[in-house]
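Next up is one chain by itself, shown in structure tokens, the form predicted on its own.
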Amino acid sequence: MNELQIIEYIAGQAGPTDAQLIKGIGDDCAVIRKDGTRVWLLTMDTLIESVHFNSSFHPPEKLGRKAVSVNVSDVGAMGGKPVFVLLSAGLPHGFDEAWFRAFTRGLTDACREYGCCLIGGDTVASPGGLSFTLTVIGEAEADQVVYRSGARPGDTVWVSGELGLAAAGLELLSAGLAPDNRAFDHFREKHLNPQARVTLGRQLAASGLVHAMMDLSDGLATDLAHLCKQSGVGALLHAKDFPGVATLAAAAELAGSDPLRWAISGGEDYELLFTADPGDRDHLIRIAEQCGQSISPVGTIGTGAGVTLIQKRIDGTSSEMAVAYQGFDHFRKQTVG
């Protein structure tokens, strides 16, 4: 079973739901009714040593920050604000206390910066290395929550920021390439210390212009495929429009990699992926600029199913390739470092 099949199987076994549950498995967060106008948003993510991080090059303070960011990113992607955090820490016997203090310092600093509060959790001994699971509870106005299921044929597909930078940083770090080249620092930082687009997500949701939205954690190809499946639509992506790919050229040449592969399937960008009516382009760009962010149109939503990548050839013709679910999958052979 791959990751998608596992999730679908669990969803099929979940049983009856409570009347207060608005949205369960299948989105960035579960959505639970709070009162007449507001909802709770609940999400959980795990970071496991040698799967999600390599402690030989991942500073503990930045790992603590990342543990928070990857979770609050889910809340922001549904238009909410993070409020509470629960931490479960699995620590091997004889763990480095100084390392753990630095990790905790990064985690609590990030909580303060995102405006949420660490309220509890669990600590256990781990026989297999470090692991950290965070549950984040956020809140939002019920009528402003943006789901994955609202994309419509004709919508423009947008992404915030640049694509593939975190994947480039991971590859450079894993191979120990050009550690003194400051030009690559931004790529490494995108892997080590991503920033969740919570403010942008909330403003986009409040505008009422966004039809569907999620964060980019497993790569554009996989995450857009999830959004399309939930919405019952397909999508066309245009490689020429991917933001940031040109800046990856030197790093890709050094690593013997393909910058387009990083952009389409690298994962861990933690940018926002969303769809909206093409007529709202200028309004959306203004919202992003007011949040200090950039957004780029990268494709269109259509009828049918799946995600197709369109690339221009040197001779001016175009090629089309199905790319759905070609991003990160825990149950393919892939490790960190």
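Being a predicted model, the structure only gives us computed values, none of them experimental. Numbers follow the displayed sequence, beginning with 1.
Omitted here: the form predicted together with a small molecule. The next part is about that form.
Trainee: In the model of the complex, does every one of G176, E189 and E268 come within 4.5 Å of the small molecule, counting any heavy atom?
Mentor: No residue of the spot touches the small molecule in the model of the complex.
Trainee: E49, D45, D280, E61: which sits within 4.5 Å of the small molecule in the model of the complex by any heavy atom?
Mentor: The residue from E49, D45, D280, E61 that makes the contact is D45.
Trainee: Tell me, which of P297, G302, G306, G26 has a heavy atom within 4.5 angstroms of the small molecule in the model of the complex?
Mentor: Only one option qualifies, and that one is G26.
Trainee: Is there any non-hydrogen atom of D218 lying within 4.5 Å of the small molecule in the model of the complex?
Mentor: D218: yes, in contact with the small molecule in the model of the complex.
Trainee: So, I7 and the small molecule: in the model of the complex, are they within 4.5 Å at any heavy atom pair?
Mentor: Close contact exists here: in the model of the complex, I7 approaches the small molecule to within 4.5 Å, heavy atoms only.
Trainee: Taking the small molecule as it sits in the model of the complex, is R202 in contact with it (heavy atom to heavy atom, 4.5 Å or less)?
Mentor: Result no; R202 lies far from the small molecule in the model of the complex.
Trainee: Hey, of 210 to 218, 260 to 268, 234 to 242, 112 to 120, which bit sits against the small molecule in the model of the complex at 4.5 Å between non-hydrogen atoms?
Mentor: Checking each option against the 4.5 Å cut-off leaves 210 to 218.
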